[in-house]
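Coming up is one lone chain in structure tokens, specifically the form predicted on its own.
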């Protein structure tokens, strides 16, 4: 009994920590620890590989209904887009022949250089026939005799800029005057095209000369106009008249040798006599178109050089 009541044994019994049974809380803990239970319950609901959210199960019926609807919507949208594109292409080609315009802009640097040399020195050129491939004229970059719209378009823009420069050097520049210069040039070009088309209709000429061909051929005169104005700015009226006179003679020869193959060659193919009255009208028409180019070149440039 004395040994059992020894102080050392009492101290040891006081230091002994009782083992808590499962499900019983720690008597020294103020709140119950429920994190483990929640984690066990949450983990039971979480599927492997998920990001902590319950994985939603997709039924086969939902997947079966979703795929056909989306495919039908995509097919319907694609058909609408195709129909819209076809409608736009038809309307554009009706008013603006985009496919034909691509032919007239199919040029390269070598063609532009050769064409400019042909416009300034047409006397050195011998073969003026346009090359064909399977009844279709080849692209301008392969044939220097083919008409193009690149040089006339760039020459017209450059002519307007040079006109503004000339007006500026004379203290006469104004946006209204520059706009009048550009609009007058376009108006004369339009009148030329309409007059030639009407003349071809009255003379009953069967030719492959199209309206775009006429715009291209008539637009080549802007190249000579640019040269005349620039020389007038550098060397005065003497330089203007010399260069413009050379360019006028060159464009006259160029138009004669080019248009005669388009107008007179069709007459020869139809068996029309060379001395016939209708063939004479075609020759006069060709001469008139060629002679109108120098007159318009002078009319649109003489007031720019003083």
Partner chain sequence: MAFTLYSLLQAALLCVNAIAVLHEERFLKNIGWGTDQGTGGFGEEPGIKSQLVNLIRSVRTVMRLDFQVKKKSIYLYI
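Numbering follows the first chain given and starts at 1. Computed from a predicted model, the values in this text were never measured in an experiment.
Only in words, not in the display: the form predicted together with its partner chain, which the text now covers.
Heavy atoms within 4.5 Å of its partner chain in the model of the complex map, among the stretches 130-138, 223-231, 108-116, 187-195, onto 187-195 alone. Though the partner is left out of this view, residue 183 does reach within 4.5 Å of its partner chain in the model of the complex, counting heavy atoms only. Interface residue remark: residue 101 is not counted as part of the site for its partner chain in the model of the complex, having no heavy atom within 4.5 Å. Proximity of residue 204 to its partner chain in the model of the complex: non-hydrogen atoms within 4.5 Å are present.
Though the partner is left out of this view, residue 306 does not reach within 4.5 Å of its partner chain in the model of the complex, counting heavy atoms only.
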